[in-house]
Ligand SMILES: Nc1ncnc2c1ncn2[C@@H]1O[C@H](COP(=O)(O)OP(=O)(O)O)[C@@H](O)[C@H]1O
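In the form predicted on its own, a lone chain appears below as structure tokens.
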């Protein structure tokens, strides 16, 4: 399955845009500030329920409008499945095939989307929470029971933290511990399995793109020589001081080393971008074979961020994947990926098909 049609209304600078996308390669070109990245952002919101550019929902709503709507049709072997996301200042709601999903995470089952954009280095540069989201998106598509464990852990963690913050007696806080340990250990094991499977792909791609040895390891969020239940007991006074649970999978980290050295603050911005791109492409390589859906990979003006040699290496890696590509560029040609099945020109927030 792939995204066949996209309609974006009152979103960023886009009043109303409709695109029929190619299942393999769609090119979107036009001058700066013409709305190219906003189209990619609309696709991302449709598949994730959130933006890759901002956490503030109101920034996505076109000036003067009350809400935005992103609507898509996903091609399946039998029919097109409609899905949509509507955002207002009060929140977001989604619909898949006429029904409200129980969670926005269900959008990703229909439209698994990733992006390599000028800010891709933030996966390396920022804190552990961004890398946990990266991991969890991948695990979700490999082990679909994972989302249930993740949701249960988040619910119990919220209740336990509320009890700690309310200065409740330790025995009352401990009521939540068994559920937290059970869901937390399942969550932790799934992540660890995923990192073990991801590592060889990441190492090979990192070597090709950066010429250095890339290694990954998973840190669970508590001491590796302890069980989570024991770690929770020992952390009680720290929890009280902080007003929240200080150990568990919500404190986990994906540790990344390049050439034997930890990467944070030790490699250049250009290396950070390539490293993050390598991880994203490795994640797509791990996407389950035979899945009824194929990932949609968004590339936002890749030629502006990478020199010719590095760009060629990235293109070679991406071209081996079974993905739906949507690429933006300043120019109407991008021969590195071959001839696009669809080509659109953006001007002033409007899209017109070009040939």
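Being a predicted model, the structure only gives us computed values, none of them experimental. Positions refer to the first chain, counted from 1.
The following text describes the form predicted in complex with the named molecule, which does not appear among the structures shown.
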Only one of 67, 50, 36, 310 comes within 4.5 Å of the named molecule in the predicted complex by heavy atoms, so just point that one out. 36
Quick one: find which of 291 to 299, 315 to 323, 27 to 35, 42 to 50 has residues within 4.5 Å of the named molecule in the predicted complex by heavy atom distance. 27 to 35
Does the named molecule get within 4.5 angstroms of any non-hydrogen atom of residue 61 in the predicted complex? yes
Contact with the named molecule in the predicted complex for residue 343, defined as at least one heavy atom pair within 4.5 Å: yes or no? no
Quick one: does residue 13 come within 4.5 Å of the named molecule in the predicted complex, counting heavy atoms only? yes
